[in-house]
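Okay, so here's just one chain, in structure tokens, the form predicted on its own.
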């Protein structure tokens, strides 16, 4: 495929040649190879494929009737309410995740990491539904599934066994949750999480909502395990609110250790709590990437399947105003997301996987703040969507 007359990340107009599902060349206009499909780029801005790095596709109510939310304020209130709702309605995680995955793809998201609840009520029901979605989408969208103990591990006996079964069943990542705040025994919690990671040879992604000193204590233990087990580049801290709550000296020491062991941070740029910012993490050499978290579920009505919108929220939360800084915001949903999750590509360079998104915008900054319509989405060298809608076959 030859995509003519596009501006990669706002640079001078050129052509992008794709061969074998990868970018073969980016350069001046030239004759199309024999038999190549030719796409007219019309001077549009070219972005790399987008990455949803922290989502819960199994939970979404997108496309269903409005859910009236009157849930209590505590984390455990939301957890218990969700378990009740899903049991009472027989919520179909497979159908829900498939609909959301397709919507994300139409908006240019070619790689997704999604958490899936594993608990003693539902067992592996939700996991099997999302693994089916992963299989359906595999030719056109890459997806990682995290086996996630949303209700805790120790407080729900038997969850450790279910997590083990989930990894055997095909989950890609071992999840954890607030070792102190939920399970109240961080050592035993991390014994389970890192033990399963070692047993199955998989990475770890731990939700760390814990504030201040409590969160810093849990993070210290997580970093100790990461170093002891040599899991460089294989651990993600989701949220990490504590890093924005503790004293700068303590924060910088933790960030330095995270950089040393290539422990990444996934953020939703939540407006309700202090969050690690893009400048903070860039200065420390820590990869920060972004995701929506929930999208229209029993936890809250917010979140949309548009990663340019999430990049804008990251930019707002990190006070990014200069055009070059808004490129950093884009990177949290593209190159940094790929690096943190372990997807290859998501850069516009020869040799990279051919994921290309064309948008109507003069610059990257404009694309982020205006959430410009996606005119063309190419995934793995294949045209997947035009004008925000999936094409036939996709």
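Numbering follows the first chain given and starts at 1. Everything numeric in this text was worked out from a predicted model, so none of it was measured.
Only in words, not in the display: the form predicted in complex with a further copy of the same chain, which the text now covers.
Site annotation in the predicted complex: the residue of 201, 285, 72, 157 reaching within 4.5 Å of a further copy of the same chain with a heavy atom is 72.
For the options 84, 161, 321, 232, the residue carrying a heavy atom within 4.5 angstroms of a further copy of the same chain in the predicted complex is 321. a further copy of the same chain is not drawn, but in the predicted complex it has a heavy atom within 4.5 Å of residue 296. Although the partner is absent from this view, residue 35 stays clear of a further copy of the same chain in the predicted complex, with no non-hydrogen atom inside 4.5 angstroms. For residue 90, no non-hydrogen atom is located within 4.5 Å of a further copy of the same chain in the predicted complex, even though that partner is not displayed. Contact annotation: residue 302 falls within 4.5 Å of a further copy of the same chain in the predicted complex, judged by heavy atom distances.
Heavy atoms within 4.5 Å of a further copy of the same chain in the predicted complex map, among the stretches 46-54, 335-343, 60-68, 349-357, onto 60-68 alone. Within 4.5 angstroms of a further copy of the same chain in the predicted complex, the stretch 360-374 places a non-hydrogen atom from each of 362, 363, 365, 366, 369, 370, 371, taken in sequence order.
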